[in-house]
Structures are given as C-alpha cells and as structure tokens.
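Starting off, we have a lone chain in the form predicted alone, written out as structure tokens.
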C-alpha cells in the first residue's frame, strides 16, 4: 500500500520542530522525549488526562458562531419532555442553554445504554467506560471557559483538512498565511491529498460543493469566516530584534514538514 505522504525531509522537519516549540506548543501540546503529552493533575481517582488548552474567542479571533450557539441566551430552547432530567438550577426556566440540553440528552442516552447491560455494571466498570471522568454534578470540573475553542494536540493533523473548527481553511499552508491572504472559497469533497501544502485538492470531482467564507458582495458569511488564528504565534514569529514578523515561505514549509511527522 502506498504511503499517504512522501518521505519526510528530516532537515526541514527539524527546523519546523524548533519553530513549533517557539510558537505553537503553548497551545498545541506535543509529546516529550518519553513520548508523554503534558498531563493534568490527578483527579480523585488518581487518573490524569492530556492537558487541553482553551483559547478565548477574543484571542483566537476565529468564527465565533459555533461557541456562541451554546451560550447566547437568544438561542435558548424549550426543554419539553427533558425538563425533569435537567440539573435543578435549570428546571424552573422556560428556556435553557443549548449546551445544557445537549449535555442532558447525551447523558441520559448513555445512562440508558449502561443500564441495559446484563449482568448490570458495577460503579467501577461504569467509571472505566466513562474514561474515569466525573460529571460536573458528581464533583467533576466545570469547563473553564465556554466562550472558547479547544486547541488539541496536532497528531494526525495532516489527514484532517479542511482546518479551523468550521473547516474554512483548505490547507496547512493557508492556515500559516495572514488571514487576510487566505482563499475565500474552495471546493470540498475531493480525496486527492496535496502533500506539499497539506490539504485536499480543490476540485469538482465526485460529490463536491463550493465552500464560501464570504457572500457575493464580499461580506462574511456567519459561521464560515476564515479569519483569526493570525498574528503573533499563529502566523508570525519573533525576529532576533524581538519584533514580530510573518513567517517566511521557507518557515511555513518547515512547519508543515514537521506537522507531517505528528
């Protein structure tokens, strides 16, 4: 079977690793020399988890619609038949946040499936299936900031185009450009991997559609913006003079080569 990526240029990847450590690793954790990711403090069961950095919307600057859908009071919903299953603090509210509804519904679906086991699962087995995570109502941690996006480790990032949480950027190369220079539209649905810029080729083969980040008048389409994740650390690095500057073309491809190894 043919490998999806060509042989890695180790020299270029090594330089990209340095750039990644200087600019990206503060949000996107990487394995240390022992193969371990940065980990959280142990929970009451002594379990640790990969540390995930939450970046506030006003800092990351990417399209806010997905996160705001969960916290915007104007989008609260009538819980209907689910009212009795809500946390106590929400049961008397006419409408509740979408995030609360989603958590409640998914939790009850999971609970129903767990109760179908025969013989029944004990508490230890249930905790194991839950990955030893405690829900908030049982003492687990609350999300530190709902108006934020998770910056996960980038392992396998070369295979997950298009990029940003809304898929508005077609390649890693485009993501490393200042956001004002990124393509405003591209076809989604192709299966041919661009191994140089890392993303899928924009073509109309098969079941494709045209993704637009702006409308015909050039106005941003809510939910489709490809802005943000731009500037210091995101698309710029610090020069020897301590001034911030855009990545050079060579540096972009060095970073890409390194991210192919993750």
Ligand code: HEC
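Positions refer to the first chain, counted from 1. Everything numeric in this text was worked out from a predicted model, so none of it was measured.
Only in words, not in the display: the form predicted in complex with this ligand, which the text now covers.
Problem set entry | Residue stretch of 108-116, 123-131, 170-178, 86-94 approaching this ligand in the predicted bound form, non-hydrogen atom distance within 4.5 Å | It is 170-178 that comes within 4.5 Å of the partner.
Exercise. Ok, 98, 165, 187, 184: which has a heavy atom sitting within 4.5 Å of this ligand in the predicted bound form?
Worked result: By the 4.5 Å criterion, the partner-contacting residue is 165.
Exercise. Does any heavy atom of residue 247 come within 4.5 Å of a heavy atom of this ligand in the predicted bound form?
Worked result: Taking the distances in the predicted bound form, the answer for residue 247 is yes, it comes within 4.5 Å of this ligand.
Problem set entry | Contact label in the predicted bound form: residue 20 to this ligand, heavy atom within 4.5 Å | Heavy-atom contact with this ligand at 4.5 Å: present for residue 20.
Exercise. Looking in the predicted bound form, any heavy atom of residue 71 within 4.5 Å of this ligand?
Worked result: Taking the distances in the predicted bound form, the answer for residue 71 is no, it never comes within 4.5 Å of this ligand.
For this session: Decide whether residue 157 counts as a contact residue for this ligand in the predicted bound form under a heavy atom distance cut-off of 4.5 Å.
Result: Looking in the predicted bound form, residue contacts with this ligand include residue 157, since a heavy atom lies within 4.5 Å.
Exercise. Is any part of 51-66 within 4.5 angstroms of this ligand in the predicted bound form by a non-hydrogen atom, and which residues would that be?
Worked result: Sequence-ordered list: 55, 59, 60, 62.
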